[in-house]
Ligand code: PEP
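So this first bit is one chain, no partners, the form predicted alone, shown in structure tokens.
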Amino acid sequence: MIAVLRQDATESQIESLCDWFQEKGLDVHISRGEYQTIIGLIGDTSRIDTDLLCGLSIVESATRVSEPYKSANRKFHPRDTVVKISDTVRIGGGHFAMIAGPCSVESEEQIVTVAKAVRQGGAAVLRGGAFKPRTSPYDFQGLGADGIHMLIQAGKAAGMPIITEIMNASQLDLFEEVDIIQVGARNMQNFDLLRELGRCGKPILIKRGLSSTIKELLMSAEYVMAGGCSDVILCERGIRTFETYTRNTLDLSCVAVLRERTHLPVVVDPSHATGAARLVTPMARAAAAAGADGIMIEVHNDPSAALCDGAQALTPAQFASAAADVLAVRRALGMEKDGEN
């Protein structure tokens, strides 16, 4: 349920109303806009009489929300959420960020080289895998704790915040200096992990599962937000369909739907979606035009020698060109803000 308050509602009146809701056993979320304050109620709202609520002097209207996701719902939070990654990097609410780096951290020299190159090419956040979930147990699984340490050092060397994927909650201690924790497609519905991440106090990026619906993605975000984390970023990375010419099928309609349904930022990963370097730039352009809040691209200094997903990795020069194209699209559509990431 959501309650829209009148503009002349005082702070003491709002506080009294929230106390009443909490006495009813409901969780209360307040969203303050420039002209309107909205209270979102989570829990068993059947004990709230809508007519009684609308009769209160400070309540303009009350509506029951049918969707099972509440905290992630735009009805609860009409204004776009802006996730602050660092002092200079923000995602959402018109703030756009390019995220780039190798599929996996392979060596200190490799990750530092790529970090400096993508920073120069226009990236605001450095990505790199330390723990790699692979279909085959015989494929390269990442460098683990050593990989995270190398990624942290590379981020410092390039002056960039970092993002890397977590596999299970037991690894959380290793992520102390990681700026954004990524939940991969295979873990999107690992609900125990999502609950734990909701309490970790860091921004969380959730990738859509290979066969997951948009509603299921939003419910995964709800798990994290129910734990207390409001800084959640959603990522479309392609879904499994009958098409075989690309690794996955990039669902760009997902961007438009999510922008209607949720206030959370939406990032697109054209690298995993297409699986082919030649397709990454055109899909990055399309994602920017669709209204994505960020693009995540795999970049390797020598893709032919990459230990993981070299076929979809761009070279630093190709990334710089792709980033310039994305920026041009945003400018052409009037999306670019002054002082953008």
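A residue's number is simply how far along the shown sequence it sits, counting from 1. Values in this document were obtained by computation on a predicted structure and should not be read as measured data.
We do not show the form predicted in complex with the ligand, though everything after this point is about it.
Between the ligand and the residues 149, 95, 75, 132, the one pair within 4.5 Å by heavy atoms in the model of the complex involves 132. Screening 79, 156, 186, 240 for any heavy atom within 4.5 Å of the ligand in the model of the complex leaves a single hit, 186. Contact annotation for the candidate site: 207, 272 and 298 all lie close to the ligand in the model of the complex (heavy atom within 4.5 Å). Annotated contact segment (heavy atom within 4.5 Å of the ligand in the model of the complex): 178-186, selected among 113-121, 178-186, 251-259, 213-221. At least one heavy atom of residue 165 is located within 4.5 Å of the ligand in the model of the complex.
The ligand is not drawn, but in the model of the complex it has a heavy atom within 4.5 Å of residue 103.
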